[in-house]
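First comes one chain, alone, set out as structure tokens in the form predicted alone.
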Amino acid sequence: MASALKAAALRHIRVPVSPTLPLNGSRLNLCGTVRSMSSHGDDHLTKEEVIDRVIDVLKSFPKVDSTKVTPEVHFHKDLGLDSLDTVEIVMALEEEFKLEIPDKEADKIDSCSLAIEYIYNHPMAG
């Protein structure tokens, strides 16, 4: 619950950035080189984009029958994958979304729906 709340808050936080920086007694103007406001909320992936990309990653995995892949599919129960296969899928998802999933969290991802939720709520997923 706390992680979902944290992720939701991070998607909407804006941090103001000063357009100038002090530099040896003078001021360096950064206008044009830095956005004046920064937020991942503006370019965060939609849930549909995350679902489509997670499903594509699963369908491209050699041991997966692509006709069985749905947003609710369980890696072991529905697809017959073992723990090593699950680790490989999580690694493929990290590469696809350009993020690092800590081992403690990766161990919990055993279904398509959990992967989708984790990635959708991750503020750095791209």
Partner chain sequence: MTSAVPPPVRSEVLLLFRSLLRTSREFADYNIREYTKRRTIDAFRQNRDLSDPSAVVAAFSDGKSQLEVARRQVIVHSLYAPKVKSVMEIKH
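The structure presented is a predicted model; accordingly, all values stated were derived computationally and were not measured. Positions refer to the first chain, counted from 1.
The form predicted in complex with its partner chain is left out here; the points below concern that form.
None of 50, 57, 64, 101 but one reaches within 4.5 angstroms of its partner chain in the model of the complex through a heavy atom, and that residue is 101. Interface membership of residue 70, defined by any non-hydrogen atom within 4.5 Å of its partner chain in the model of the complex, is ruled out. With a 4.5 Å cutoff on heavy atoms, residue 110 does not count as touching its partner chain in the model of the complex; it lies far away.
The closest heavy atom approach of residue 78 to its partner chain in the model of the complex falls outside 4.5 Å. Shown alone here, residue 46 lies farther than 4.5 Å from its partner chain in the model of the complex, counting heavy atoms only. Along 75-104, residues 82, 83, 84, 85, 87, 88, 91, 94, 95, 100, 101, 103 each place a heavy atom within 4.5 Å of its partner chain in the model of the complex.
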